[in-house]
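What follows is a pair of forms of the same protein chain, given separately as structure tokens and numbered structure 1 and structure 2.
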Structure 1
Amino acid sequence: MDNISTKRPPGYAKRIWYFYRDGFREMTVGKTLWALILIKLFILFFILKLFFFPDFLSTKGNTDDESRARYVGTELVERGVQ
């Protein structure tokens, strides 16, 4: 009788939380990889995207679909061989 635990098993949410928490804690090479992924994502989104890859059509003041269509339409017609 003493050996029977009266503790309720953790619910699904907790089990998933423990699963990920323990998984991350037990990582070896994974920690280096996560660091690499985070550095890469930072460079991609906070340096490259922000400073080097703006949405070109927006930079030309084309913020809505109608003005974008007008801009691209004009570009396509003007670049054609006359």
Structure 2
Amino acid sequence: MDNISTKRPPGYAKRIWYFYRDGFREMTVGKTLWALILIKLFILFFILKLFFFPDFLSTKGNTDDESRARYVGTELVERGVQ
């Protein structure tokens, strides 16, 4: 009975966390690839949005949500008729 460990094994979520944490620590090329992925995501979501996707609705109507919703509704109806 002295050899039996009373320590409870870590939970499922904790084991998954340890698996990924330990795997990431031992990576060499993978860290560079993850850095490239994060840089690419930054470029896609922040840089491109700033220059190629302006806030079009801010130029239409007042700043309240109701006038913007009305504008979008009329545009959808008018374009749906064509």
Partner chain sequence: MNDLLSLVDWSRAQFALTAMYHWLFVPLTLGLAVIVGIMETIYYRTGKAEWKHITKFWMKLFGINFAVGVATGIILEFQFGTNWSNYSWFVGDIFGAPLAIEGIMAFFMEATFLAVMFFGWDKVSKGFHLASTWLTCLGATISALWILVANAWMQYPVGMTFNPDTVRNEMTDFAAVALSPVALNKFFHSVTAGWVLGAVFVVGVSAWFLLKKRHVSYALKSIRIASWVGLAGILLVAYTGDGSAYEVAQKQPMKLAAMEGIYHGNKGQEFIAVGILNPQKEYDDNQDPFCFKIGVPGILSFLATRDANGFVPGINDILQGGYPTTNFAGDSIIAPSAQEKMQQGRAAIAALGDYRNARERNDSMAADSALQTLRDNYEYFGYGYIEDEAQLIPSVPMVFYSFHIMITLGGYFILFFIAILILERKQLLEKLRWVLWICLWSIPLGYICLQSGWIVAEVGRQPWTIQDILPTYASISAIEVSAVQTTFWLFAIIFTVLLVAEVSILVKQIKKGFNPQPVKNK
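All of these numbers come straight from a predicted model, not from anything done at the bench. Please note that residue numbering is based on structure 1, beginning with 1 at the start of its sequence. For clarity, a rigid core is taken as the largest C-alpha set superposing within 1.5 Å between two forms.
Visitor: Just one of these is the form predicted on its own; is it 1 or 2?
Guide: Between the two, the form predicted on its own is shown as structure 2, not structure 1.
Visitor: Align on the rigid core first; then say whether the Cα of residue 21 has moved by at least 2 Å between structures 1 and 2.
Guide: Moves: no, less than 2 Å.
Visitor: When the two forms are laid on each other by their rigid core, does residue 46 show a Cα shift of 2 Å or more between structures 1 and 2?
Guide: No, the C-alpha moves less than 2 Å.
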